[in-house]
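The chain that follows stands alone, in the form predicted alone, written as structure tokens.
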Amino acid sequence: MKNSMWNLKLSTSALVLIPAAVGINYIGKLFAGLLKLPLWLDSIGTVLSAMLAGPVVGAICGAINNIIYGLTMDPISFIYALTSIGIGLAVGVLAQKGRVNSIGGAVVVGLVAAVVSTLISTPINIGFWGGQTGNVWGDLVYAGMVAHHFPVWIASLTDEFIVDVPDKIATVIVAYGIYKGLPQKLTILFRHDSVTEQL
């Protein structure tokens, strides 16, 4: 059976999913901001769309999300579209291979997403913010490490990673919970030939 994981032709279901996923991202970010959580929670829709429809749709949702943020909230969000694309691709591939088949699997996929996010975001953080993330918790660690003469890139990597780990694990677990709560007749609309039934 032909693997359609990387099919660039979007179905009607995928086209409907994309704006819904972007909306979920906005709600997650708003929720985290209102409660002043040490998390971003702005990738739940990206991760959910990647689980449902694969890495291409996940990457598109992530990119559109940051473009909208860039147009409406902060222009610097445009460059972080690279991070969102990376998250969508990574989660989409792992989901298609059946790695998000339990809470434990969601935690592992969340860790992978955190590593991907950290590796992409850290150079951006260094280039635009001197290494800081803008998250108060991570930046406290960054300031402490710089004060103790750690190289900026190590301090920045640590800053990003310690925020990304809980954020991406929580994000994937929430998305997995939403996925499991959806009726099968809905999720089947997004299935590719390559998608495992283990999700």
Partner chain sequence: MKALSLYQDRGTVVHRVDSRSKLLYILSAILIPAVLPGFMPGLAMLALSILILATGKVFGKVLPLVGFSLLILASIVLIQGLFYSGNKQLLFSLWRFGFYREGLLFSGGICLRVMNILCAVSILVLTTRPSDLIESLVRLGLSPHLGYVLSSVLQIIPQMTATMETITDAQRSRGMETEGTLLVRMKAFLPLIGPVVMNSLVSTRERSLALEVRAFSARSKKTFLNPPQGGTANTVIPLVLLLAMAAAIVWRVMQ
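Positions refer to the first chain, counted from 1. This structure is a prediction, so every number in the text was calculated from the model and none was measured.
Missing here is the form predicted together with the partner chain; even so, the following discussion is about that form.
Participant: Residue-level contact is defined here as any heavy atom of the residue lying within 4.5 Å of the partner chain in the predicted bound form; does residue 93 satisfy this criterion?
Facilitator: Taking the distances in the predicted bound form, the answer for residue 93 is no, it never comes within 4.5 Å of the partner chain.
Participant: Quick one: does residue 57 come within 4.5 Å of the partner chain in the predicted bound form, counting heavy atoms only?
Facilitator: The answer is no: residue 57 has no heavy atom within 4.5 Å of the partner chain.
Participant: Is residue 154 part of the interface with the partner chain in the predicted bound form - any heavy atom within 4.5 Å?
Facilitator: No, residue 154 stays farther than 4.5 Å from the partner chain in the predicted bound form.
Participant: Does at least one non-hydrogen atom of residue 26 fall within 4.5 angstroms of the partner chain in the predicted bound form?
Facilitator: Because a heavy atom of residue 26 falls inside 4.5 Å of the partner chain in the predicted bound form, the answer is yes.
Participant: Going through 156-179, which residues have a heavy atom within 4.5 Å of the partner chain in the predicted bound form? Please give them in sequence order.
Facilitator: Read in sequence order, the residues that approach the partner chain (within 4.5 Å, in the predicted bound form) are 174, 178.
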